[in-house]
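The form predicted alone is given below as one chain in structure tokens.
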């Protein structure tokens, strides 16, 4: 029998954005969180290097500088009013986290410590500025733990290891979700006044990715299937420093502490590309520079990787060359970058204190997603029409503060600022709204039917084979470099994979902990999102931020200073809306 639950405010996803929203909503309304993981295993926990806020604890800084860097880093596709909100409110959000008990690193005089990160500058000198607040290289983990403990203290109800498979939308209003309890296979219908989606990214479309196994785009796909659009799906970030072949991230914090990229000739090659910021240039630029080095034969040993060098004696040599008086030793790195150093030792068998580390760009972060306004309310179309009762925050949402390329540390800023705004907006809405009637039996039946179609299908295609082919295709044709011909090829192949997906067969027909079934269901979501991504990328005949078209290498503000909105109704339909520009006119991006 399906189970039925009712809450004022419902949050799907227990990462930083979801927990921040739940914490603030729960202060005034009955709130529950649904997560397909145990909450403290959420992907926010992998964010290593820091959360930016212009505290100015170690050198002069201003939130306006942070906003300028964010807009420039996003290649002027950011909505500037949203960026101003994020950078201004980041200061209070970090102090709020501190007061909740987050154990930030400290300066000798007791202030929150800050370090440099890619693309963060002093707007007057143009040199890197220390803006990233950090707790060693476990900042995301500490945010997650702190928020979870405060949610427990605030009596938030948690449904752990429940996977949401549908969003209940009727007459343009959201009334809850349908989920499956993984331990039993039972269907649960959650009825709510307001629902906030905070399920993170969907990088598992690609083969080499920093994303966890669970980041499969379940909710963006569910929203798309309910007739709502997704925004800016062509913009996906490739982080320059993934562990070679594995994609596991080595945070930009390493470069913030002085590490540099080295090619097969031993050259610090970023000096040639970005003479001012060098290795601390934004991620899209660093990723393309690495691929250029590899394409031109300067990958290590002729292979498709370069080195990240953070041996202490080498860092001190680079500091001296840059005129930086700072000097470090092995103990300093072990203290500041414990997880990064351990990752290299565990996953590559390399001691970064003694040897350079092989790295390559890795699919990392979705700049696009579910469109929202500045209070996390989901948009139904390009005119800004609201879907009543539906909210989204964090990586799954597109507000848009990251534009075409996200700066390092701004993901944590995004999720705490807009998670909080979303939670407060939901609570305000819930205090005024009533529960709308739903047909819970029909909702449960429709949810169960989705899974039964896969469970009982008797085709000859294996989901893992389709998944591998999709991921290889996305790496090859929808990766750091793209062309029109390659994207057309990708779309044709995705359609072929979708046709084969209808003929899949799984071995486990049971209900309890059926990961065979749920991974097959997730594959359908990933294929839908891959299709939208390739379509939006083909239509954008320019290069901007994380979207680089080799056949259209220039940014085209005349025709493409706008956000894409994609619907899937049998085929993909694209519409566009203008970028909101308030203070900073678009300009050529130089570092």
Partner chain sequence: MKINLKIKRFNPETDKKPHWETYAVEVEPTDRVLDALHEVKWNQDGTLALRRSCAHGVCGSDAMRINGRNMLACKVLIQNIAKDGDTITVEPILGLPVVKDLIVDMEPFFAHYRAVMPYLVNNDPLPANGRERLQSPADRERYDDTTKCILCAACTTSCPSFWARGEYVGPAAIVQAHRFIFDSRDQAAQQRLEILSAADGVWRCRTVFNCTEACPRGIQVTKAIGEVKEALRTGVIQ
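In this text the structure is predicted, and so the values were computed from the model without any measurement. Positions refer to the first chain, counted from 1.
Separately, the form predicted together with the partner chain exists; it is not shown, and the next lines address it.
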Please determine, with the chain shown alone, which of 242-250, 186-194, 361-369, 116-124 has non-hydrogen atoms within 4.5 Å of the partner chain in the predicted complex.
242-250
Of the residues 272, 88, 213, 326, which one places a heavy atom within 4.5 Å of the partner chain in the predicted complex?
213
Just one of 107, 439, 276, 483 has a heavy atom within 4.5 Å of the partner chain in the predicted complex. Which one?
107
How about residue 525 - does it come within 4.5 Å of the partner chain in the predicted complex, if we only consider non-hydrogen atoms?
no
In the predicted complex, is there a heavy atom of the partner chain that lies within 4.5 Å of any heavy atom of residue 355, even though the partner is absent here?
no
Taking the partner chain as it sits in the predicted complex, is residue 343 near enough to touch it, meaning that at least one heavy atom pair lies within 4.5 angstroms?
yes
Does the 4.5 Å heavy atom contact test between residue 30 and the partner chain in the predicted complex come out positive?
no
102, 111 and 347 all contacting the partner chain in the predicted complex, non-hydrogen atom within 4.5 Å
yes
In sequence order, which positions of 380-405 have a non-hydrogen atom within 4.5 Å of the partner chain in the predicted complex?
none
